[in-house]
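Look below for two forms of one protein chain, each set out as structure tokens: first structure 1, then structure 2.
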Structure 1
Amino acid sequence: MAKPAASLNNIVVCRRCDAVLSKPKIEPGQKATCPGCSALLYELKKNPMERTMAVSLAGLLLFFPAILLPMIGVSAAGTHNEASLIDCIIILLNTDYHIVAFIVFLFTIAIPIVHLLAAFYIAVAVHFNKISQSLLVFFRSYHVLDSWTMLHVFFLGVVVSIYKIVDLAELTVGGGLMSFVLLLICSTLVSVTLDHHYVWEKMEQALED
């Protein structure tokens, strides 16, 4: 009655509708979707580890200018003020909005950094075949954080703020904003390049020995 474990490797279960399907054969660059609810089952990507390494490293390096350099500055009647991402959080802390400061810090700095770090570490470890138990912890945290990065929303926030300030005072766009846009691109690309299916298969093979 109990099926041998090998047959379980030939089926996939849809995460959204729980349908049991036989595993489709797909080539790198293709996606498999559930026929019932059209959710993504899994996909195979081209050169996943090399690409993820490059993109996540670039993202990590871009973090420093993106956080520290001023994003936008305003000047009117001889006074000038400019603010970086970190300034936004400091201002909130100074005006006693600790919860909001924490939320902004979490979604725009802490989670994206850990997310990129995890992706970089995983890509390096899998590429050089240095798979250890600790990698599991990293990849699990990568999964958890995947839906909690809000860099894109913050960027729209900057755009709306620029639109609001334009009428009020003279506006300058700082190097922080440029770096932030590049960081946003890198962080988005990481979820495009990292192949979960590939990483899990590699890890399973390596840890079984």
Structure 2
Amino acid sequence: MAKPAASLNNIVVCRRCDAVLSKPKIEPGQKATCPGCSALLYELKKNPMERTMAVSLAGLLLFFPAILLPMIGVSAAGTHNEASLIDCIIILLNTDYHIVAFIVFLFTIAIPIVHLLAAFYIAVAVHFNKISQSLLVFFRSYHVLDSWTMLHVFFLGVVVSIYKIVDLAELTVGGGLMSFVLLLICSTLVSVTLDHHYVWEKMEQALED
């Protein structure tokens, strides 16, 4: 039974033209393309686990200033108000917008921090070869989180709000907004640096041994 599994590991299917091909051997930093339609088959990124660990750790360190520090200050009619992301959620709760508060919390705090923690855990486990059957299930679940992080949607809402009130009041940008932008960049980079093909390959090798 081991022989067919080993042969399947050397086969790759083109997503564009469905051609079944022998898996070409490439070096880190190179891409394999389909000889029939030139579509990308897969690529090997350079130092994917080390980069993912660094970017996800930076994102985790930025997370708390991003949600706790004031994002925007508004001055008008002799008064000045500042609000952080946490303040926004509390205000929504106090004004009985419980569902909206829950959605904001879920997509801007809960899922992004779990996404970063999961990426860091996967990168550490693969880098130090601590691969188990449970990591395989965990990595499958990570793909779901990858598509539910909505930091960019919240940031777009902040930008639209700034545009609408910039002529009505004096605005100041707080450390929370700067941290949030950097967090958004880290969250995006994690999806870029984490090499799924490399992780699957390492898991297959470890679980077959």
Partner chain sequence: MKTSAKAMGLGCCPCCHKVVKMQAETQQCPRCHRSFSVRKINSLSHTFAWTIAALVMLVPANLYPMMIYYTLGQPEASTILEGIATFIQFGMYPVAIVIFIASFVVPLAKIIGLFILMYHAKRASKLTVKQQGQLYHIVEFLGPWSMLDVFVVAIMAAVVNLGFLSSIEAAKGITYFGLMVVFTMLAAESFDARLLWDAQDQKPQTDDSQSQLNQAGSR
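Under this definition, the rigid core comprises the largest set of C-alpha atoms superposing within 1.5 Å between the forms. For clarity, every value in this text was computed on a predicted model and none was experimentally measured. Counting starts at 1 with the first residue of structure 1 and goes up one by one along its sequence.
The first of the two structures is the form predicted in complex with the partner chain. Put simply, the chain has two rigid parts that turn between the two structures, and the hinge between them is at K46, picked from K46, L21, V74, F63.
Put simply, the smaller rigid part swings 27 degrees relative to the larger one between the two structures, by C-alpha superposition. Its Cα shifted by 8.7 Å, A39 is compared between the two structures on a rigid core fit. Superposing the rigid core and comparing between the two structures gives a CA shift of 4.8 Å at Q30.
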